[in-house]
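This document opens with one chain alone, in structure tokens, the form predicted on its own.
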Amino acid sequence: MLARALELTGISTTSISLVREHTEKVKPPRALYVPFPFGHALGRPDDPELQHRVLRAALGLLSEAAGPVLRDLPEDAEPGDQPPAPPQASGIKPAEQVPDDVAMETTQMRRYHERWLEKSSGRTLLGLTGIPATRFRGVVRFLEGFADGQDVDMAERPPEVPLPNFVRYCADDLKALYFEGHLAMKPAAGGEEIARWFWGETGAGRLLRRIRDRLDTSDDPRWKAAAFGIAR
């Protein structure tokens, strides 16, 4: 949306995409798709030569007429040993047994997340909802009710934020709590390992799959868009 607004003022824009499916739906004026993991839009850390190639490819799209234009990173700029993006939920088979009490599981993960905050000097991706981690049992109960088809809401949802968007924010905060907590337990864990653990072995992962399913069965495109963002 910001890119389109800038284009209307005569300013050409370009961007880098880590998720082709999202970019194909949003259709920004110009985008370069890169096959890198989340958090590594320019490629492997400490590789300035590769990062400069990515930047040149993205900036090179400014010579393209207003699109939408979506190009792949040129093959000669792709490092052969770069790890792929983490697998999606749809590609991970859940374990036969995962914790049933997601609220208790979340409380346990919060302790590891506190360790993460200590190690990262307070840096975190958690915070979209504005609800502190100490109150995430309530977030879990809200998500469970929604997954069960109940007509639920939270007092913390701003009136201008539609319900499916708020559900998405809650899901993203929950994932941040778990992912960062897992990194506190296993600092060397990669994106694939974390994704397979979360979607395959946790009660929270199973809960978010159920929420995705409820949102996706709606005829409302806003609900379907939220489902796409929660779990693919």
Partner chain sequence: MPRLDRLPQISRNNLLTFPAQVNDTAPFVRPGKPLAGCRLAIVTTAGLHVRGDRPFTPGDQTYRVISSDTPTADIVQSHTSIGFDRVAIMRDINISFPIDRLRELVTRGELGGLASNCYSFMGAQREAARIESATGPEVGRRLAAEGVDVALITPT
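Only a predicted model underlies this, so the values are computations on that prediction, with no experimental measurement involved. Positions refer to the first chain, counted from 1. Think of the rigid core as the biggest set of C-alphas that the two forms share within 1.5 Å after superposition.
Form predicted in complex with its partner chain: not shown, discussed below.
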| item | value |
| --- | --- |
| Heavy atom of W197 within 4.5 Å of its partner chain in the model of the complex | no |
| Interface membership of G43, its partner chain in the model of the complex, 4.5 Å heavy atom rule | yes |
| Close approach of T107 to its partner chain in the model of the complex, 4.5 Å, heavy atom | no |
| V69: touches its partner chain in the model of the complex, heavy atom cutoff 4.5 angstroms | yes |
| Heavy atom contacts to its partner chain in the model of the complex at 4.5 Å, residues of 119-152 in sequence order | S121, G122, R123, T124, L125, L126, G127, L128 |
| Is_shifted K175 between this form and the one not shown (CA, 2 Å cut-off, rigid core) | no |
| C-alpha of N165 off by 2 Å or more between this form and the one not shown on rigid core | no |
| Displaced residue check between this form and the one not shown: R20, CA, 2 Å or over, core reference | yes |
| Pair I194/L18, Cα separation in the model of the complex versus the displayed form, closer or farther by 3 angstroms or more | farther |
| Shift in CA distance, A189 and P45, in the model of the complex relative to the form shown here, given it is 3 Å or more | closer |
